[in-house]
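Just one chain follows, in the form predicted alone, and it is written as structure tokens.
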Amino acid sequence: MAGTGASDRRPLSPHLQVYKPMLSMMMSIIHRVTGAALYFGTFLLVWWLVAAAAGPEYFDFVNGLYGSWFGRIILFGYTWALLHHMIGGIRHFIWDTGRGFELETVEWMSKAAPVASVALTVAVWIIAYIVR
């Protein structure tokens, strides 16, 4: 079998260079990236809770960092990552039930995920600002 021709030049496993990027593929990659980003955001949440337990001075320091323009950008990104990952998880849950594998449905869910995650993120921040 070795040295039979065209099959010798094919990669042994799929590579990103072989596939044309599709929206559903990009959403899968972003789902993984947001999952990794949630580890960093969870560390920030734990830091905030530890600061609250450590006392008012340290809590004010951490709140000051989170309340700065840079801290708010980080928190906005964490909110988006959390909601986007949640929506991706719902999409995967639907697939786990054996539904949603039609090409039109996959494309619709791939287009709806970023729109819904941005809309929900903005809504959460607007509500948080109003309640504040």
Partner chain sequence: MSMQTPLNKVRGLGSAKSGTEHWWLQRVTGIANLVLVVFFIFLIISLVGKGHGEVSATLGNPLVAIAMLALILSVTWHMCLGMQVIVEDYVQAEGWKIAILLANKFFCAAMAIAAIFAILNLSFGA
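Residue numbers count along the first chain shown, from 1. Only a predicted model underlies this, so the values are computations on that prediction, with no experimental measurement involved.
Form predicted in complex with its partner chain: not shown, discussed below.
Asker: By the heavy atom within 4.5 Å rule, which residue out of 106, 26, 74, 86 makes contact with its partner chain in the predicted bound form?
Answerer: By the 4.5 Å heavy-atom cutoff, the listed residue in contact is 86.
Asker: Heavy atom within 4.5 Å of its partner chain in the predicted bound form: which of 22, 112, 118, 124 fits that? Just give me the one.
Answerer: Contact with its partner chain in the predicted bound form is made by 124 alone.
Asker: Is the gap between residue 62 and its partner chain in the predicted bound form 4.5 Å or less for some heavy atom pair?
Answerer: Contact with its partner chain, no.
Asker: How about residue 56 - does it come within 4.5 Å of its partner chain in the predicted bound form, if we only consider non-hydrogen atoms?
Answerer: Judged by the heavy-atom cut-off of 4.5 Å, residue 56 is in contact with its partner chain in the predicted bound form.
Asker: Test of understanding: in the predicted bound form, would residue 101 fall inside 4.5 Å of its partner chain by heavy atoms?
Answerer: Judged by the heavy-atom cut-off of 4.5 Å, residue 101 is well away from its partner chain in the predicted bound form.
Asker: Would residue 69 sit within 4.5 Å of its partner chain in the predicted bound form, counting heavy atoms only?
Answerer: No - in the predicted bound form, heavy atoms of residue 69 and its partner chain never come within 4.5 Å of each other.
Asker: Counting only non-hydrogen atoms and a 4.5 Å cut-off, give the residues of 87-102 close to its partner chain in the predicted bound form.
Answerer: Residues within 4.5 Å: 90, 92, 93, 96.
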